[in-house]
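In the form predicted alone, a lone chain appears below as structure tokens.
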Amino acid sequence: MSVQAVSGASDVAAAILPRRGGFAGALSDLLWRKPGLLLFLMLAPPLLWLGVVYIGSLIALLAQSFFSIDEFSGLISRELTLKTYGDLFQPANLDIIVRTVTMAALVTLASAVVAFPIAYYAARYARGKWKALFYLGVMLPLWSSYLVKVYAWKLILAKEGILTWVFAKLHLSWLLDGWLSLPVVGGNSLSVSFTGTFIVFVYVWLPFMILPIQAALERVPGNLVEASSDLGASPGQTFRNVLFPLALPGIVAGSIFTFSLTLGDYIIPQIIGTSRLFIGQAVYAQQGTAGNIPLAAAFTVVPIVIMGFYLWGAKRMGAFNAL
């Protein structure tokens, strides 16, 4: 055997670590031989947390919806019944559901209208530092406190706020006063009106609509738009027949966020808006002040069922590919 071969063999032997003894060594060998066991041990803690703490608590809450409140004692009757779900169809509770779903739909529609031109500019024209500034501008509001943003808007929309001052300087106070005098959407000021709630919802959830649309438009080949123009299509026809169908999965993907977040939010309507309740406020009030946990649990089922059907429809439209 040559000197080089002996030297090489000794170097390899020196590079191999000695076998570890005891429990640690046996466990290391076992996990090396059975990678599936290692994967199970790594995933077990987070899955246990998700299954027991999150899903388990959710199931426990939903189970309460099949109980009812005894009208005489005010205590929870733990006999299985659908009476609580029947209470959801009382005019007052049904009005809360309709109001919340209507607000969620309007916020989603307005967010899509505002987000599309911004996303289109970012996808088609923004390059280099301008694209970086685009992402910074979209993401920057998400870095600030949720409550700080809501209270800032409360000051902006107040009767003595900057928005009222702008309308006065433009001699458009009559327009603002006329809008606030309208039933349902109006109020004493924008900060205590359905319109103010709508404005803040759109502002807070807008980034969640811009980014999926921008991602969808990035996938649209530029030559499709050019070919449409070369074939004599007007900008409106190009939008309806080329851009909008291809961007629709991104719009639906963004609507998943805006619609679901509006359905469940209770802080914005609590701070900005009228005394008319939304689903989130109803859940908070029923499980807190009123102590009617079964009705609060039944209210939580409503957005879950709505979003279940919504996600089913979104998946059929290919929205998950744009996330």
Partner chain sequence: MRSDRSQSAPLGIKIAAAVGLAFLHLPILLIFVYAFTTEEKSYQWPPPGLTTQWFAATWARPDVWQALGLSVQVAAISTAIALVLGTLCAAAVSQTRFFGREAISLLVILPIALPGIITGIALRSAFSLAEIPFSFWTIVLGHATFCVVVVYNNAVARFRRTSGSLIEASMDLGADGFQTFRHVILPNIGTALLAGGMLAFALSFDEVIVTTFTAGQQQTLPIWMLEELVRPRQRPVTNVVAMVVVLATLLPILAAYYLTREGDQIAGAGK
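Residue numbers count along the first chain shown, from 1. As the structure is a computational prediction, the values presented were derived from the model and not from experiment.
The form predicted together with the partner chain exists for this protein as well; it is not shown, and the discussion that follows is about that form.
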Taking heavy atoms and a 4.5 Å cut-off, does residue 88 contact the partner chain in the predicted bound form? no
Close approach of residue 243 to the partner chain in the predicted bound form, 4.5 Å, heavy atom: yes
Using 4.5 Å between non-hydrogen atoms, is residue 66 touching the partner chain in the predicted bound form? no
With heavy atoms only and a cut-off of 4.5 Å, decide whether residue 248 touches the partner chain in the predicted bound form. no
Considering the partner chain in the predicted bound form, which of 107, 210, 190, 253 comes within 4.5 Å of it through any heavy atom? 210
The one residue among 158, 101, 176, 112 placing a heavy atom within 4.5 Å of the partner chain in the predicted bound form is 158
Can you tell me which of 79 to 87, 137 to 145, 93 to 101, 180 to 188 lies within 4.5 Å of the partner chain in the predicted bound form, counting heavy atoms only? 137 to 145
Residues within 4.5 Å of the partner chain in the predicted bound form, restricted to 36 to 72 and counted by heavy atom: 39, 42, 43, 45, 46, 47, 49, 50, 51, 53, 54, 55, 57, 58, 60, 61, 64
